[in-house]
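For this one, two forms of the same chain are given in structure tokens, first as structure 1 and then as structure 2.
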Structure 1
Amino acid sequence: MELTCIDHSGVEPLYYQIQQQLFERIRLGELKAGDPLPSEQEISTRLGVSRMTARLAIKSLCEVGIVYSKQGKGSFVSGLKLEKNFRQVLSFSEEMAQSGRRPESRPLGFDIVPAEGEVALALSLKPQEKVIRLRRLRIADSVPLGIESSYIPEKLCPDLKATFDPRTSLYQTLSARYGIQIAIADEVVEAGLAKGEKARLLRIAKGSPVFIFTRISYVQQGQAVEYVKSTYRADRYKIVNRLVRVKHRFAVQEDAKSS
């Protein structure tokens, strides 16, 4: 891998310039997950910097999870994490399209079941009222990322099971065929550990960290139309949000002065 010259007299720190070069090679796919990075000595020799500067550049990539180090073996690309953005209501297919990845859905189950417990509560259904349950393995660029279980009231789309191809976009079908436009969603994220079947399907070790998402999706009128429980690999995702500080007015009281 070729590294271009850096500006030794520039404003940006040398380690940061090297970090950005390496990051760009990873982003463009020139360095892929599992590929080794140039060693500290190689970077030092090629760019005319100290080994300490090269070490700092690699360390900064390790700190954000893009690179990992193996003692005695060097540093390797772990891959860029996908951003889970809570500011937009997106389907998996839309999320992957935005990040330039090729989405794929592998059906794990597609049936009609009675609404029970949290599903019935979330969708405001009577006990035992029927829901369509769709369970899928979500894949991007041939890498399994998550397992999703979606529940939709059968009365909203009674022929969905007979007409829908679970390898395609559910949201697109709900919109085009049934006029159901997802507008708002409440989503909760929790940390968990992968167990049994989920670890196997996601191709990660048992006990690996995962994100557990719970989503209730609504149409503009406020009706809940979908409940989703999903498990995603924590080594492939990061949570992104924007927080806004609300300005508070503080009342200042002055002691009354005696005349």
Structure 2
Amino acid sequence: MELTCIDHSGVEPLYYQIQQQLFERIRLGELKAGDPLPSEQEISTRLGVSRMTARLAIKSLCEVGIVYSKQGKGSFVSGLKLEKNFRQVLSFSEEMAQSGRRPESRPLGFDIVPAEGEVALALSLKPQEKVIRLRRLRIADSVPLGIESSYIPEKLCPDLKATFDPRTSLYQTLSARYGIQIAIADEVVEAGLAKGEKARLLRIAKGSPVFIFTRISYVQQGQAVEYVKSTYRADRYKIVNRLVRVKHRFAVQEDAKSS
């Protein structure tokens, strides 16, 4: 395949078409790790677009880490694998689909309660404002995997309690019915030991290792829309992260502290 066939009709942005062509060549192995991409100049003349447009295409590939550019040298395919398993904001169903497991959810509770303590704090609610609480047992390939408790401000989705089937995808419903798209989530991960009811529900021995997640999900605007506390079996679940070295430009310096 070669760089050709740019559609100027305007249905797809030019830089996006170029980006996709390059991405495809990398994905197919036609461009391998370490190989140089066509230079901005070459793309520009070959496809009859301006250099800024060619540049946009390459820059967007740099942003996802599969390409890197060096001033004076060129742009090259990086050796990083295109992993599909890195930890992202995913619904349980999406996550299971990625790892090829069959998801199932068993509702353990679904009610409306006043926000209190950490829930109110996380969701920026006044105490006593109502939240929808949804407890579910998450099951993968018929084996219990985790227990999740979600809390969502009732005011964001007033009739969710009446109309939502707790065996289906919460994220999909929030998006389709209320226009709420979760964009970012902050999570704290702890490791602990299973005990009592949790061990029983997860069908593991007391004292088995578990992950404990505390997650707050946000829409792009930064408003918190969901607080989740969950416990996952460590024998059947692991976390895969891709960590990046933060750009020094945005390094947040420690606030000066006397003493």
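Counting starts at 1 and follows the sequence of structure 1. The shown structure was predicted, so the numbers you read here are calculated from the model rather than taken from an experiment. In this text, the rigid core denotes the largest set of C-alpha atoms whose superposition between the two forms falls within 1.5 Å.
Taken from the form predicted in complex with the DNA, structure 2 is distinct in origin from structure 1.
After superposing the rigid core, the Cα of G29 is displaced by 2 Å or more between structures 1 and 2.
With the core superposed, Q71 shows a C-alpha displacement of at least 2 Å between structures 1 and 2.
Here M52 counts as shifted, since its C-alpha moves by at least 2 Å between structures 1 and 2 after the core is aligned.
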